[in-house]
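Below you'll find only one chain, the form predicted alone, shown as structure tokens.
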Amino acid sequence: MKARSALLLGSLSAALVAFALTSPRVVAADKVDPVADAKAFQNFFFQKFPDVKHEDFVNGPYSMNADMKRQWQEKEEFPPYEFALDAGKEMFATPFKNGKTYADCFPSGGIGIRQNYPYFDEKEGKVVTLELALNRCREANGEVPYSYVKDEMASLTAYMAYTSRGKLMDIKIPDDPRALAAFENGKRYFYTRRGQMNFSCASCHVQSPGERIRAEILAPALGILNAMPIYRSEWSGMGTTSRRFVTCNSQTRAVPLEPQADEYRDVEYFLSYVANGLPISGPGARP
């Protein structure tokens, strides 16, 4: 077992070194270029997996081979996230105590807008995710905010994602140095190693998509958030983006941040921007 782990770590390290040498994503600190980063990021995956249709990357591990794609198609006939969709739709339409609803807090009544989140709030100077916006809506209407990692938030975001299915991710980065810094901070967090296992997000989701680590089949980083929130067999339930980030940190034996910490919001901004042009597929399901 130790030998197998050492071989896995060794192969990951070698792959990461090769990626660092060949990828044009690295730019000077004073020349943040999200457009170039997104192009390089997408091209890396398109070249690594030439047989995968570009729009299929949003299906995570199910995009990696034909057998897994068939598993996904079978799951979609009786989706395990259907209960969350029903609950989220009801929650979304239920008035707050003051008579307003979530629709009053969002453009287009909150329908078909998932592809525009997260966004950079130029007044606040920070990234605003859909989960954060939902809780701010609740608080503005006198309601207690939901946990970012539990069923209520997962159900709400599942319903909102479903109303955007097929729409292309369309994240904007305004011409604001703070927005560029948030993007760059998110990219840095994604590639930085941490925890006892000395893994970065990229260790699994750039170098080893489709491979197994423990019982988990690794998803490609490209389009990974387009399917959120997701039903995971491991959880026997739904999970938000916040839950996924916290879990990933825990799995690499790193200390998780608080849900919706600046770093998590920034990495969501980065991963969403580099997936621009790929369709929303959430809610999703994973092994």
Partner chain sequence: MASTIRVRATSNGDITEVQALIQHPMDTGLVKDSKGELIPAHYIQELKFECNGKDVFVANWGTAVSKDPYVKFSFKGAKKGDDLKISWIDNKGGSDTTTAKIS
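Remember, predicted model here, so these are calculated numbers, not experimental data. Numbering follows the first chain given and starts at 1.
This protein has a second form, the form predicted in complex with its partner chain, left out of what is shown; the following refers to that one.
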Since exactly one of 92, 83, 190, 146 fits, which has a heavy atom within 4.5 Å of its partner chain in the predicted complex?
83
Region of this chain that lies against its partner chain in the predicted complex, out of 75-83, 111-119, 126-134, 169-177 [heavy atom, 4.5 Å]:
75-83
Quick one: is residue 231 in contact with its partner chain in the predicted complex, heavy atoms, 4.5 Å cut-off?
yes
